[in-house]
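Take a look at this single chain, the form predicted alone, given in structure tokens.
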Amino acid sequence: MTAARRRPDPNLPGRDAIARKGWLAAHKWLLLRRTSQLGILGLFLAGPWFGIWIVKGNLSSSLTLDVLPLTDPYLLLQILAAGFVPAATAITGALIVAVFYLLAGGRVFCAWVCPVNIITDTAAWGRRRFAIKAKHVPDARTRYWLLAGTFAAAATTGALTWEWVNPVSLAHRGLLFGMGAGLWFLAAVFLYDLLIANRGWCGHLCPMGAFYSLLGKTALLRVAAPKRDACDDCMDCFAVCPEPRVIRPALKKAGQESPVILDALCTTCGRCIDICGQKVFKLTHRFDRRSSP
């Protein structure tokens, strides 16, 4: 059987990439993301745990080196919806964060910053490893209805109700003060993704991811498939992608000639780059529309 006709085990994608590129090259972007996620989390925890106050606060609102304010723009909008006037530093911080994600891609937050991504990635690995089939997958648009619901709840109650159950906030508070009930919510996210819906939380329900996807529509940083003619249809990239629907237009020229993945739902996680033994994908910018043999 020729290499072009080979069909790797769909439950264990990446074997061909490891054989062709080596284990490290086949996991490069995954390792970089874990370094980024854990490193950012470590900066926040270094103060409370070790007294090294490089960053004060959390992913919702922080102050770096007592100079740089950063605020989650999603949180800022909830504050405004609840009827409060945020401090000037909060507005400045939100503008800085919003500009960054407008350029880099909103869902870069999901893949490179959000600690919950580690939980959902682990659940996705478990599904593949043990061949667990999805029982129910909600409509991907559900996350946008939930996003609207968080703003409506803030406006109705005058409180930041979403932050009471936000898994990102729960994870951070749990590491500082003990998990408590937050552990059960995070466990529920893991079990939901593992046993019920493939990529159910991040890919279909999370309103935070929905918000950041809206910031990513015109982002400069993009993944592209310039060597798409070398694709052997092994489907490994679809198996590991957290938003597999974004790949097909660029890879298979389905409705677009450009090899660039332009969908704002792309998390720029780089797993398609890692997993492809044919080296079809690369990280580039939205104007790099060249295809190569």
Partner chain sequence: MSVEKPASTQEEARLFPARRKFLAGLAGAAGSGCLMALGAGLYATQSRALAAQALRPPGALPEEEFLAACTRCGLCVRDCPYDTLKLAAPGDPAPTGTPYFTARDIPCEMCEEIPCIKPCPTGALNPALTDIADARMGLAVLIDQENCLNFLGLRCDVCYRVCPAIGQAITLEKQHNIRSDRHAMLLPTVHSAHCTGCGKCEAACVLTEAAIKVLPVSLAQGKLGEHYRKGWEEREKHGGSLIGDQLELPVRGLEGKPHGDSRVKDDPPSDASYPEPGQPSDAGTGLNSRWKP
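Residue numbers count along the first chain shown, from 1. From a predicted model like this one, the values you see are computed outputs, not experimental measurements.
The protein also exists as the form predicted in complex with the partner chain; that form is not presented, and the subsequent description refers to it.
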query: Contact label in the predicted complex: Asn198 to the partner chain, heavy atom within 4.5 Å; finding: no
query: Partner contact for Ala98 in the predicted complex: the partner chain, 4.5 angstroms, heavy atom; finding: no
query: 4.5 angstroms heavy atom contact with the partner chain in the predicted complex for Ala94; finding: no
query: Contact of Val240 with the partner chain in the predicted complex (heavy atom, 4.5 Å); finding: no
query: One stretch from 98 to 106, 217 to 225, 125 to 133, 181 to 189 that, in the predicted complex, holds residues within 4.5 Å of the partner chain by heavy atom; finding: 181 to 189
query: Selected contact from Ala82, Ile119, Leu194, Val113, since only one has a non-hydrogen atom within 4.5 angstroms of the partner chain in the predicted complex; finding: Ala82
query: Candidate from Leu30, Val260, Leu63, Ile40 lying within 4.5 Å of the partner chain in the predicted complex - any heavy atom; finding: Leu63
query: Complete contact of Pro86, Ala159 and Glu163 with the partner chain in the predicted complex (any heavy atom, 4.5 Å); finding: yes
query: Within 24 to 57, the residues that have a heavy atom no more than 4.5 Å from the partner chain in the predicted complex; finding: Pro48, Trp53, Lys56, Gly57
